[in-house]
Ligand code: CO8
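What follows is a single chain, given as structure tokens, in the form predicted alone.
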Amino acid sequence: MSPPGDACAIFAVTQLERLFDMHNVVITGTGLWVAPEVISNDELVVAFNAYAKHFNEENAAAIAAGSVAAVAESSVEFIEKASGIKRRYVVDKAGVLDPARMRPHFSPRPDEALSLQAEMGVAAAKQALAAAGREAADIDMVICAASNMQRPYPAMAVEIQGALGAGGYAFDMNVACSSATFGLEQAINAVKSGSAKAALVISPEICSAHLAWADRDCHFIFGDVCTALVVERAETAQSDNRWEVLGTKLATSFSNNIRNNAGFLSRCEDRDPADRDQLFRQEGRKVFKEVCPMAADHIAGQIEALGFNAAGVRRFWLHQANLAMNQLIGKRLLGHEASADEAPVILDEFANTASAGSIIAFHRHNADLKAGDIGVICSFGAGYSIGSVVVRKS
């Protein structure tokens, strides 16, 4: 016999509530893979200036005629004043420092071998899993979120998932320097809604491969690295180092001020791979002027909506693109220049590592915070794109 109408209605509502039951979400583990070689500013300047001297000598007549611009030499003082960067880690040092090459040298790998980005991703993921007290089999979602992917398909995330032995599903995503925070929100929402129990967000950034090392304005900017984070349900988390996710916020606004035109259509346009627009380029002053207020307002609006203010935030883990940018954003938020304790800097050691920068800062500088402390992970970059995650130490 069928239940009475009221009982059927109650049953339907109960099932609907279960369907939309939201889980509390925590970040429980972080991992960091550091590229094996280091380039100091001194080494970089010697290589760049050797390139500049050769270029200017080879093009002396055209330079004298005004049809070709001479390449100005670089200096350690120029690099550190412009960026705050003192060194960077790279996958290959010799190719970058060869004045006749000025780019890394990677050896092709057969399809049967683990790809370079997957190798980096697996190493960082294993660290994050160990920190979270998890096995790869506990993961049912993997996101590979980075500014550039090694290939279009198969997805790097699926290769990493297979190499780790994780289950569920995996996919790639790219929002330039905000890829990690955008990927983090997707993982958080999946765990919150119940479509995943535990997720990995992995950001293998081989920035040395898309940097114009022969361009004085940016030849010092990037380094290589990979980060990983474990995101899972609070009620089943095993790690003592838990960061409760209080909120996420994403924003984009189109701009050409940071751009790279390299893509699968380039070969159809009969392009020279060495064309300047096939690598990273930016209008640095415009980016500084436009992105800093956008990022500060973004963060301020989010923490205010959550019932906090900047003074109540214990630490800001900001995108690591340029020291002056972080200083300005910190000052707009706090009313004074942020201290290294309030907004840690890893830029001097790692350089700009695209989407991984804010995650490195979080990985390196969270152990000293106490239960109840609030922190903000924030990235900003090409797009323009801004992503922020507000967390509280459990």
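Quick note: we count residues from 1 along the sequence shown, nothing fancier. Nothing here was measured: the structure is a model prediction, and the numbers come from that model.
Here the subject shifts to the form predicted together with the ligand, a form of this protein not shown in this document.
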Quiz item: Does any heavy atom of D277 come within 4.5 Å of a heavy atom of the ligand in the predicted bound form?
Solution: no
Quiz item: Should F78 be classed as touching the ligand in the predicted bound form when contacts are defined as heavy atoms within 4.5 Å?
Solution: yes
Practice problem: Decide whether H105 counts as a contact residue for the ligand in the predicted bound form under a heavy atom distance cut-off of 4.5 Å. | Solution: no
Practice problem: Although the ligand is absent from this view, report whether R267 comes within 4.5 Å of it in the predicted bound form, heavy atoms only. | Solution: no
Quiz item: Among A145, V142, A228, C177, which has at least one heavy atom within 4.5 Å of the ligand in the predicted bound form?
Solution: C177
Practice problem: Work out which of Q282, Q302, Q150, Q127 lies within 4.5 Å of the ligand in the predicted bound form, going by heavy atoms. | Solution: Q282
Quiz prompt | in the predicted bound form, segment of 241-249, 315-323, 133-141, 193-201 with a heavy atom within 4.5 Å of the ligand | solution = 315-323
Self-check item: Sequence-ordered list of residues in 240-279 near the ligand in the predicted bound form, where near means a heavy atom within 4.5 Å
Solution: I258
